[in-house]
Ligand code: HEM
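Presented below, as structure tokens, is a lone chain in the form predicted alone.
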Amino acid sequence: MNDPTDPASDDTARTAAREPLDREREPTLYEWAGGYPALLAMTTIFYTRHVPDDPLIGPLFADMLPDHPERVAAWLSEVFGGPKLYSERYGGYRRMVSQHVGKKITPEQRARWASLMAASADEAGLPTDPEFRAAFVAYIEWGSRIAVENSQVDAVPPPHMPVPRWWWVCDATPGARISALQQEEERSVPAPPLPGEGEAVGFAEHIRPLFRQVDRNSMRFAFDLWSRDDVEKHGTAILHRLRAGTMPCDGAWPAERVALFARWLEAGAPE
């Protein structure tokens, strides 16, 4: 078995055991990345494979402790919504800031650090979907620029700051977007049973099955398409968009599905 802390392994993070994700809720960036093992694989690659021979940033880390990759992985784990590993093991935000004081990091060194961290994420096999990488790069850019500020000789870092908690960018979460590479069978949803005339229309049996996971994810910022109460509350607006063909975003519903939804609303949105 590959050791996830061994940078000589080409499959460090890819082979790290990942906990199955709960698809009923949005995962944290920590969970989506693969947890601490994946982040440790990335930081180990960065600090052992890229840093030592780099003429620009190598000198910044010439005196780093042997466990520096573990420390940075713990920081990223906490920032990305995982357990408070850094705060519990190393001392929190104040401790992190202290590691940059007086180093006079240049913009060029910051840019190299950010680019090599992104390369290390690729090499460690972290997720490459646009949603994760947008959030990952956003933090790398944000955090590294703050490190530059805190490292200047005249810097006075504000005390008592919490460890930042990073999240998805602009509600762009995994599964909230229709992929251009998604197979047609994954786009479609089996036709729910159409109740006969005079037969009751129910949310659980007839309406919820109309909405795919991707439909739900794409609207989660506003309401939950798998919640009867939410769908009833926003039913008029949903029906308007269904009739206009603007929902879902990858193709209009067949007329009989739109009619079924309208019939459910007219019946008082029963369970």
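The structure displayed is predicted, hence computed values, not measured ones. When you see a residue number, it is the position in the sequence shown, counting from 1.
The same protein also has a form predicted in complex with this ligand, omitted here; what follows describes it.
Proximity of Phe203 to this ligand in the model of the complex: non-hydrogen atoms within 4.5 Å are absent; the residue sits far from the partner. Interface membership of Arg95, defined by any non-hydrogen atom within 4.5 Å of this ligand in the model of the complex, is confirmed. By the criterion of a heavy atom within 4.5 Å, Gln152 is excluded from the residues contacting this ligand in the model of the complex.
At least one heavy atom of Leu76 is located within 4.5 Å of this ligand in the model of the complex. Residues placing heavy atoms within 4.5 Å of this ligand in the model of the complex fall in a single listed stretch, namely 143-151, out of 193-201, 169-177, 122-130, 143-151. Taking the partner from elsewhere, no residue among Phe211, Phe221 and Ala269 has a non-hydrogen atom within 4.5 angstroms of this ligand in the model of the complex.
With contact defined as any non-hydrogen atom lying within 4.5 angstroms of this ligand in the model of the complex, the contacting residues in 112-139 are Trp113, Tyr139, given in sequence order.
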